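Quick heads-up: it's one chain on its own, the form predicted alone, in C-alpha cells.
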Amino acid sequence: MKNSSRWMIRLLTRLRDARLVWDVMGSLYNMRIYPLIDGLYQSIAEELTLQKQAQILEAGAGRGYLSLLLADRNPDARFTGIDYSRMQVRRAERYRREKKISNCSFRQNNVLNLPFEEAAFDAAVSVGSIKHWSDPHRGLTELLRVIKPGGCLMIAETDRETPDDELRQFVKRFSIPFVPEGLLFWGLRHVVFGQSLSEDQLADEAGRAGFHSVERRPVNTCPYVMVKAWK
C-alpha cells in the first residue's frame, strides 16, 4: 500500500473515532447501521440470561437500541448505557422516552475511566464500540472491575478478517446517498473493518484483561464476531 493511502487511512480512522464526528454524524450512523445488525441485537437479547433486579451496563450504547431492547424484555432488571458522545446520549434518552421504558438510563462516560464502584454490575454488553477505544485493554479491564464475580461480558465487533466478497454483500445493504458503492467498500474495508479486530484478537484481548472461559464465534446475520466471557 502506498504511503499516501496509509496516511489517508490513519487520518480517516482518527476521524472515525472522534467525539465531534459522532456528535454531528451519529444520527446518520444510527439510521443506516442499526437495521443491518438487528439480528445481532436479537441474538444477544435471547442469549443473555438475567436474574431479577440485575444491573447491566452497555458500553458504547449509541442511540440505545440494545439497552432498550434488553430493558423491554427484562422489566425487573436495570440497564445503564454509556457513550462518549453527548449527542448520542441525548438521542438515546429521546428514544427511551418515545419507547416509554423506565428501567434504563443513559449517561456520557468514557469506558476507559468508568465512574462506577467495583462489582456494580451483573453483566456488561458492548457492540461495535471497542475498535473506537484508544486503549482497548484498559477499557476491558475497567469493565472487568465493575462486573461482579461470576458476571458475564458479551462483546461484538466488526470482523477485520471478513472476506471481500462477504463485505461487498454487506455494502449493498449499507448504502449511503451520494456515496458510490466502490468508495463505501474502500472505507469499510480499510477504515472500519481493516482497523478493527479479528475473532482471535477480540478473544485474546478479553483473556488478557482477566476474563476467563472465553467463548468466541462469528455472527451469522452480519460480518461481526462475538465474544462471551466471565469474571
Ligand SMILES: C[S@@+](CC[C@H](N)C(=O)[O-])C[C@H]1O[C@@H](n2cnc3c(N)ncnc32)[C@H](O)[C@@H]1O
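Since this is a predicted model, take the numbers as computed values, not measurements. All residue numbers refer to positions in the sequence shown, first residue = 1.
There is another form of this protein, the form predicted in complex with the named molecule, and it is not shown here; the text below is about that form.
Only one of V127, C152, A77, V146 comes within 4.5 Å of the named molecule in the model of the complex through a heavy atom, and that residue is V127. Residue contact with the named molecule in the model of the complex: V171 places no heavy atom within 4.5 Å of it. In the model of the complex, the named molecule stays beyond 4.5 Å of every heavy atom belonging to V191. When contacts are judged by a 4.5 Å heavy atom cut-off, Y29 counts as touching the named molecule in the model of the complex.
Among residues of the shown chain, W22 is one whose heavy atoms approach the named molecule to within 4.5 Å in the model of the complex.
Heavy atoms within 4.5 Å of the named molecule in the model of the complex map, among the stretches 178-186, 161-169, 29-37, 199-207, onto 29-37 alone. Residues of 76-99 that come within 4.5 Å of the named molecule in the model of the complex, judged by any heavy atom, are I82, D83, Y84, S85, Q88 in sequence order.
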